[in-house]
Ligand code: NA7
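A single chain comes next, written as structure tokens; it is the form predicted alone.
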């Protein structure tokens, strides 16, 4: 007989961990299922060389526990993956979270049982569990994709996907290494592997606009100042558009004389973090001429940093403007291509025909390797939902329901899937993820408490409210240049069947506005979610 819990949470990353803490406060029996062997989510799985924050470390952590803030010291302004994972393990230890987390437990399916108003959750090993509430904490970037290239499994050397990196160190000395992909993950990997590999060949399909990270250690004196400023820091994050410490300049690009404009861009380019992307002129992502101007500024930076003009031009995007795709932050990435051991292959000029036993064959050459690294990204946002067989009322498959794009209410639930709530899912403000996580978890916890206290059996928005919210999310994308570009943020993934058409799968309004709408829904007594419905006999 299936073991029953009040709530089941899928995933033990930051959102699943915090949700467990909050559900315990309600006194609900809770089980968290995690496919990995430990907590951490993104920071457990992504152990590839060079993995680190590209948002400021101190703005990315949990803020709900003053003691936690006062007792944890960060070592770098943009923390590397091992430090972040250590922090999350510290949180798990402090709250004794692992006793309610079942590791090595990948969820295969979750089916709503109409007769009992419960969810039947089945793991890949066949074991079954039931719960009244089902909360997904599966993460927006947690479903890695391999490239759709013939012969991927034919390679006889060693290969890795960056999201499934081994726990043991991988050495590149004396090795001929290939990296396929130049997104944010690829950029971090390339600049690290290039330090020691005998040869590194980068296979690039689409170049990305990258900007300097400018990371550095945090001194003990700085850590004291940062800690003293936490209240103001987190307040600022709650006020900015995307919950980062950066906020757009409240002027349009061409309201500022060219000389002054160039000076602003120079300062932003030489400042740490996302400022050049998120702290730029307010019309950068809406006005084509403004976007073209900043794009040319960054293109000239690439030309200055890459010695070979032909290589430099290959590294400059021609099919999208600066900031319309996620901007990878780098540390001497462009200088890598000045090294004798590094070669760039533009696979739009010479496409990869196949991967074979010894390496990679393009339309004009055979390249042999000892190691191939696939930095080919994720089936973003909805992909982690697609990999679980979610079925709601009448056996409706969520995968089918979202075939042409997600449909949600507030990004937290959808009709016909009662008592199923989503953390950091589609149609909600993403931005600085931990800031979204804390609000999201606390809001969901408030809804669950309201339902329990008022003996409301079923939480489910109406089809009308789901349609209104979905239409609202779509309307926010109008005029935003980012939604005219193929990227994971618009749901396009050439490596996933059926995901070649752009959709709007994220909320592109401001985080404060999203929180306001959610808070108002709670203040109405969750009327769009809660209807007293008798359990079927």
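In this text, all values refer to a predicted model and were calculated from it rather than measured experimentally. Numbering follows the first chain given and starts at 1.
Not pictured, yet referred to below: the form predicted together with the named molecule.
Out of the listed residues 447, 329, 141, 344, 141 is the one that sits within 4.5 Å of the named molecule in the predicted complex by at least one heavy atom. The listed set 321, 273, 377, 434 contains one residue whose heavy atoms approach the named molecule in the predicted complex to within 4.5 Å, identified as 377. By the criterion of a heavy atom within 4.5 Å, residue 488 is counted among the residues contacting the named molecule in the predicted complex.
Using a 4.5 Å cutoff between non-hydrogen atoms, residue 195 does not count as a contact of the named molecule in the predicted complex. Heavy atoms of residue 415 never reach within 4.5 Å of the named molecule in the predicted complex, leaving it off the interface.
Within this chain, residue 148 lines the site of the named molecule in the predicted complex, having a heavy atom no more than 4.5 Å away. Just one listed stretch, out of 201 to 209, 243 to 251, 258 to 266, 82 to 90, contacts the named molecule in the predicted complex at the 4.5 Å heavy atom level, and that stretch is 201 to 209.
Residues of 179 to 200 lying near the named molecule in the predicted complex, listed in sequence order, are 180, 181, 182, 183, 184, 185, 186, the criterion being any heavy atom within 4.5 Å.
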